[in-house]
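Let's start with one chain on its own, the form predicted alone, as structure tokens.
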């Protein structure tokens, strides 16, 4: 295993499964997390150059659960706002004794940073619309918990695929597994890069795409894109592409519904979110466990 987690493709299938098994050890039966003072001498910096609630909070909780010191780096009140480059900022943190940097950035800078500062360990917490490796691990962990394995599952991913780093990382992750089928669905204006995918198939009619699905991954639709980029009617979109309890009946009876959050009830109805098929709350909890496992592994390497 390398010094950094920059992309899910940095991990072999065995390393992926080992991390998921390791993460499950941090969960107690009552849903709480084990707290172990494993790294009292390590300092972790959370640098989020884009808004985040779940990812940022779960990395912070994970690091504190492991006994780390945590710097919650406030970009809005930092020298980045004065024009300092991210390279200079992270270099300064390295000189101050930070051991590991959790970075979310709107651009592809993390590989360059890792080459520029080889003594620092980097974890990618979301890179543009390119990758989000820990989210892919959370998704795989949740599927394996609920279904036993990835093998032979029919997986459907629906939503704004073109802008989804969650999708690109998930595809990288499952390309190592022998799943049943992979189907992409969503409005053609949001799925231009997925109409002839290298892996899986595109089906614009969600009522066809959802048939026989074991796993339904829904993706957040950005309201602002409806107003600015897309000439789409919101109600018409929901009619065609929202996962509802009625539409869910077209999938397998024990199909699970997933969503990386935050949910805004465009892509999924409130009733479907609250149904027994929904594992979205499990994904949130697994976020802490996976990030405890990732931090442990990479702080030890």
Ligand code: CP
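If you're wondering where the values come from, they're calculated on a predicted model, not measured in any experiment. Residue numbers count along the first chain shown, from 1.
One more form of this protein should be noted, the form predicted in complex with the ligand, which is absent from this view; the next part is about it.
Visitor: Which pick from 54, 238, 35, 252 sits with a heavy atom within 4.5 Å of the ligand in the predicted bound form?
Guide: Result of the distance check: 54.
Visitor: Only one of 218, 167, 185, 135 gets a heavy atom within 4.5 Å of the ligand in the predicted bound form. Which one?
Guide: In short, 135.
Visitor: Which single stretch, out of 240 to 248, 39 to 47, 264 to 272, 54 to 62, brings residue heavy atoms within 4.5 Å of the ligand in the predicted bound form?
Guide: Within 4.5 Å of the partner lies stretch 54 to 62.
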